[in-house]
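Given next, in structure tokens, is a single chain: the form predicted on its own.
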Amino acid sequence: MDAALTVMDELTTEDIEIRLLLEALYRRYHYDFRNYAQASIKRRLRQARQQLGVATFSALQDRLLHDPEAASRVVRLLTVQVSDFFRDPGYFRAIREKVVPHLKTYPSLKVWIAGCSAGEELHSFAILFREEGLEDRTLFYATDINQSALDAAAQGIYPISRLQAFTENHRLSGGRSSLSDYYTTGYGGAVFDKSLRERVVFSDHSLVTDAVFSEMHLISCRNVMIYFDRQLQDRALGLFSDSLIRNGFLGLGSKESLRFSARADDFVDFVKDEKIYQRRMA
């Protein structure tokens, strides 16, 4: 009892409120953020408090329990990710030059973009695979827990102001064409060709609670696990390991690693500097 009291004494009032809020969000709406990195969660929940005009996390909990629209806004804030087309061009160049030659040996391919957000990475892969002659044999799975993000990804519309960065990243990634070949502009937006999404399955999927996608040849999950604690990272990596074919490939974000994971032995380094790994044969 004394030990339990000591642990509770170490928690601030805010910490307790946040734990209760995340538990309420899970039990009421089945979104599980309980094992996300607390610093990131706290920062984003403070943004939610400000946007919803409530003074405490307890008041925010009360609001989301009784107002589904407020809960949706909180979930969107907790899951928002910032990305770019061909973000970290060296990663996509390594996919193009090192991974694609292996993928070309398969008659059909399945690629999972986990945590696809608004679709920048998905479209990057679709363009890369078209340029490398793999598009027609590939089925892409784009997943996220944020339905608004999935809807945006399915539309493929991005601000014109972002095109310069997108174009430069595409060039640095080894692009074999002009990025302008893939979009039209109008009304302040760039609309990417719907043909890029014809072989895409968009799906609501949680790395926290949902099961595997089987028989994937390539999984790209970048800058998602940095928001997870160690236990949740291990769960996600277990999903990826179980979803990949033997010798399949896994790409992570530049600040993510398998090094300390309980599932590290499932993989070997393939392009170490770009955090691309290969599933072991056994």
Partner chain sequence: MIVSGGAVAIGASAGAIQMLLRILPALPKTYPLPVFVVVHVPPGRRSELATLFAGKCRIAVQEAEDKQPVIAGTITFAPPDYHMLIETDRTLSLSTDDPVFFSRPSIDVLFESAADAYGAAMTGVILTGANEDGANGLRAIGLCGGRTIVQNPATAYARAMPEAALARWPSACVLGPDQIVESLIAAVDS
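Positions refer to the first chain, counted from 1. Since the model is a prediction, treat every value here as computed from it, not as a measurement.
We do not show the form predicted together with its partner chain, though everything after this point is about it.
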message = Given that its partner chain is not shown alongside this chain, does Met225 nevertheless sit within 4.5 Å of it in the model of the complex, heavy atom to heavy atom?
response = yes
Any non-hydrogen atom of Asp265 within 4.5 angstroms of its partner chain in the model of the complex = no
query = Closest heavy atom of His217 to its partner chain in the model of the complex, within 4.5 Å or not?
reply = no
ask   = With a 4.5 Å heavy atom cut-off, would you call Ala236 a contact of its partner chain in the model of the complex?
value = no
request  = Within 4.5 Å of its partner chain in the model of the complex, counting heavy atoms only, one of 104-112, 85-93, 137-145, 124-132 shows up; tell me which.
outcome  = 85-93
message = Only one of Arg27, Arg46, Arg34, His66 gets a heavy atom within 4.5 Å of its partner chain in the model of the complex. Which one?
response = Arg46
note = in the model of the complex, the residue from Thr56, Asn247, Ser257, Gln51 with a non-hydrogen atom within 4.5 Å of its partner chain is Ser257
Residues within stretch 258-275 having a non-hydrogen atom within 4.5 Å of its partner chain in the model of the complex = Arg259, Phe260, Asp273, Glu274, Lys275
